[in-house]
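Only one chain is included here, represented as structure tokens and corresponding to the form predicted alone.
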Amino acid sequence: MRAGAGADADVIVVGAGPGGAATAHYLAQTGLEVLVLEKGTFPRDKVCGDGLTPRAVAELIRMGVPTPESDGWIRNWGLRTYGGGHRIEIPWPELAEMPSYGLARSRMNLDETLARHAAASGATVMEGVAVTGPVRHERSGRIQGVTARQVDAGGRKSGEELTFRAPLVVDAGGVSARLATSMGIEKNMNRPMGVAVRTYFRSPRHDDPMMESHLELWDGKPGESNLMPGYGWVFALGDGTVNVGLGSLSATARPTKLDYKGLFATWMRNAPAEWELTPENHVGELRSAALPMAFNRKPHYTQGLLLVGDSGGMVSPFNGEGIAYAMQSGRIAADVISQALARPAHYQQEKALRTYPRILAHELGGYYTLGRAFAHLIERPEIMRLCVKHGLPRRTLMRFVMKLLSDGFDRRDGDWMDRLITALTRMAPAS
């Protein structure tokens, strides 16, 4: 399909992260003209744990993205967890709907790989172009495109303002969701918000075949100081380095006033010497980012604008995972848009587009509602410590918890754990 008269594309996608790249890939495959505007220039970094759960891997497989180890994709086979004086290793479950392995890939490489994949599918990807606002119909207020400026090597906007037009726009621009905000879509301050802090070290643990999570963070020597809300991780990248970080979860979007960098420094001082996470082996800047959770920005469709991934608050309150949901929502958005643009009448197109929020609510709403209850529970360190102390040694319970927290369960034809989790997500209101 060709873009209509006066339009530069059928769809404009703002942001070329995993959500934007997935949206563009699926749209381009249907023959639509897709324009992706990315403010950065690849390769570019993003604060992330660099770990891909089996759910995220399943989305990569759907997109047809090759993931051979020879190209730097490092497989992991499960999760190793520490807490309450215990250690347990649980393999990723054998499921029908997703593979039984995860992957690790730095965002410096992952995002460029996905953007190039979208371009190979037929999307036009413009780098170094920062979207500055929407172009709206003067009477209806419906979005008709975006304004933008070139971004120079120093990250500064420069040159004359550019205008790009399309009948539909997708905001996949991340947590800031500037385009959505300019369209009047504000975040819900009563939804959970996470903060992630991460960096890189050279370490002999770079080829560890397990993802690793630490469920207790202390502000001094472990067991002899105050337990802080949050968890830590060590993810092996297979290239001589590991991604090391910590995350903190709040049941609301209000600031926690935690000293994240100080907490991270304390954790590193108390890390085992054999990890070699020393200042001499520190090879990356310590950076932080907010994690918008549980649909904290809605509606996900209004007036020609669809929200995908972080812009729509699609990060799991259970584990801070956002990549899988960004790609999943991009896939769903592309399907809805393709169906809509195939219809001749505007009211028919609008009817199709309005299914997007309903599909998201059906797929993720109940699960995120359970996650919100989980966030209220574990933001109290004393409760978290009791759960860890008494739950971690019980392997069957931890297998259930792993399935729940990683969203690693079959919605159809699963075992009793899968059926129970599915029932809970269906009973929970998709608000």
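Predicted, not measured: the structure shown is a model, and the values here were computed from it. All residue numbers are counted from 1 along the displayed sequence.
Just so you know, the form predicted together with a small molecule exists too; it's not on screen, but the next bit is about it.
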| Non-hydrogen atom within 4.5 Å of the small molecule in the predicted bound form for each of A172, A196 and I323 | yes
| task | Report the residue, out of L227, L286, L162, A290, that has at least one non-hydrogen atom within 4.5 angstroms of the small molecule in the predicted bound form. | result | A290
| the small molecule isn't shown here, but in the predicted bound form, which of 309 to 317, 117 to 125, 295 to 303, 353 to 361 has heavy atoms within 4.5 Å of it? | 309 to 317
| query | So in the predicted bound form, does any heavy atom of L35 sit within 4.5 Å of the small molecule? | reply | no
| message | With a cut-off of 4.5 Å between heavy atoms, is V14 one of the residues that contacts the small molecule in the predicted bound form? | response | yes
| task | Evaluate G371 for contact with the small molecule in the predicted bound form, applying a 4.5 angstroms cut-off between non-hydrogen atoms, and reply yes or no. | result | no
| request: Give a yes/no on whether G49 approaches the small molecule to within 4.5 Å in the predicted bound form, heavy atoms considered. | output: yes
